[in-house]
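The chain below stands alone and is given as C-alpha cells, in the form predicted on its own.
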Amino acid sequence: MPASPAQTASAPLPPGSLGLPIIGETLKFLNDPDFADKRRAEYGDIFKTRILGRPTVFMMGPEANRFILSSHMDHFSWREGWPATFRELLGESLFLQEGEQHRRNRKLLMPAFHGRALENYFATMVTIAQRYLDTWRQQETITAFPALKQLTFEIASTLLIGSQPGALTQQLSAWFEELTNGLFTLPLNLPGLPYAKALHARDRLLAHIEQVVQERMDHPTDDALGLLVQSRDENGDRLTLEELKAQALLMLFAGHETTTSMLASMLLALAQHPAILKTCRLEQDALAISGKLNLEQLKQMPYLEQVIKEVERMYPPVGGGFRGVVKPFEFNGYHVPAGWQALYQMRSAQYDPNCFPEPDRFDPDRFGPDRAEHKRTEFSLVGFGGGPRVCLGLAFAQMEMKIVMALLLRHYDWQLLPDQDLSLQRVPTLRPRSGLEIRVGARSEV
C-alpha cells in the first residue's frame, strides 16, 4: 500500500489521542467545557483528537489564529470544516463559500452593512430598542437572554428583510430557535427529533424569504435584502433567487445570535462590577446633556467601546471555528495531513496572560489608549474572526450593541435576581444557564 501523507511527512503528527473508533472523543468534547484547556495543558498549543467522526487538530493561541485566519488560510476550507448540519441547515450562503465565489458575494453584500445603509438603520434600531426596554420596565422582572433574543431578532428581521413587528416576526423567531437547536445535534431526520424540527423550520423560513425576495424584485426597498436584490457584480450580474434566499437566511441567523449573547454577557458583567457600571453611566450622562441619542454620539463612547471589547474577550459568543484541511501543513514542528479537521479556539488567546495580563479579571481599561493590550499581539482578539474573512456584520452588531446599552445606561437600572444559575452554557452560543433573570426599572427605581 502507498504511504499516507502522515507517513511520508518528515514531521510527526501532533500529540494527543484519537480516542475510540469512529466516535473518538466526541462525547467528552460536547460534555466537558474544559476539554480543550485540559489537553492544551498536557500537550501544548497543538494536539490531535477525533471528534464528530473525523481526525481533528486543535490549534491554540494567537499564532494559531494568525495561521488559520490569515497567513495560511489557503490550506483550509470553511465548507469542509463545519459539521454537515451547518451545511444542510444554512445552505449555500457566504458562511460556507470559498475563493472567488466568496469574494464576489461578500462584495455584493458589503453595501448593506456599511456606510449610508448603516446610518439609515440607526433610527429603526433606536425605536425598536426603546420599545423593548419600556416593556421590560413595565414587566419589572424578565429573563434577559430570551428577551434580548426577541429584541435582536426583531431588529435583524426588520432591517434585513423588512419584516414588521407582530405575530409573523414572533413566528420567524420561533422557527429560527428550532433551526439553531439543530446545528449541534445528531443529524437524524426522524419525526419529533430536534434535527427533523430544524429542517422543517429551515424550509418554512426559506419559503417566507422567497416570498419577500420576489416582493423586493418587484418593488425595491432600502432594507438590506432590497439593497442586495439590486446589487450587481463587475459583470453586471445579480444574485440568483436561490443565492438571495441563502444569503438572507444567513443574514438573519448571524444578525441576532451572537449579538444576543454579547448583550446578555454585558448585562451580567456590569451588574457584577458596579464601579465599571458607574463609569459607563457617567460617559452616557455626559453625552445626554447635548440631547437624545444620535449617530454623532455613537462615535463618542470610548469607554463603552472598551467594555464591548472586554465582553468579546471574556465572553466570546462562540468558542471557535472549524476548518477542513485541504492542503497538508506543519505547525510548531508537527505535520497535519489533508483531510483532517482543524479547530481554533478563541479563549486560548483571549485568556492568555502573555496577551492579556490577569485574564480572569473583567477590566475594560486594558483596551484604553494607554494599554491597548489587544494591539500587542496580532490575532489575540478574534471574537468576530480576523483576516480577510472578518465578520461582515461587525459594524452592524457594534452599532446595535452601543444603541441598546446607551439607552439602558441612560434611562434604566437592572439587578440580578438571587438564587439563579449563572454558570455559562457554551452551545449553541454562550449564555447563563438561568437565562439571566433580572429586575428592570427606571433609573433609581431598582
Ligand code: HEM
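Heads up: residue numbers just count along the shown sequence, starting at 1. Keep in mind it's a predicted model, so treat the numbers as computed, not measured.
The next section is about a form of this same protein that is not shown, the form predicted together with the ligand.
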{"query": "Among the candidates Phe35, Tyr412, Phe384, Tyr43, the residue which, in the model of the complex, approaches the ligand to within 4.5 Å (heavy atoms)", "finding": "Phe384"}
{"query": "Contacting member of Phe379, Phe58, Phe67, Phe396, with respect to the ligand in the model of the complex [4.5 Å, heavy atom]", "finding": "Phe396"}
{"query": "Partner proximity in the model of the complex: Val336 to the ligand, non-hydrogen atom cutoff 4.5 Å", "finding": "no"}
{"query": "Close approach of Val212 to the ligand in the model of the complex, 4.5 Å, heavy atom", "finding": "no"}
{"query": "Contact of Met401 with the ligand in the model of the complex (heavy atom, 4.5 Å)", "finding": "yes"}
{"query": "Ala264: touches the ligand in the model of the complex, heavy atom cutoff 4.5 angstroms", "finding": "no"}
{"query": "Heavy atom of each of Leu94, Phe113 and Leu250 within 4.5 Å of the ligand in the model of the complex", "finding": "yes"}
{"query": "The ligand in the model of the complex: contacting segment from 213-221, 192-200, 320-328, 176-184, heavy atom within 4.5 Å", "finding": "320-328"}
{"query": "Partner contacts in the model of the complex for 241-269 (non-hydrogen atom within 4.5 angstroms of the ligand)", "finding": "Leu250, Met251, Ala254, Gly255, Thr258, Thr259, Met262"}
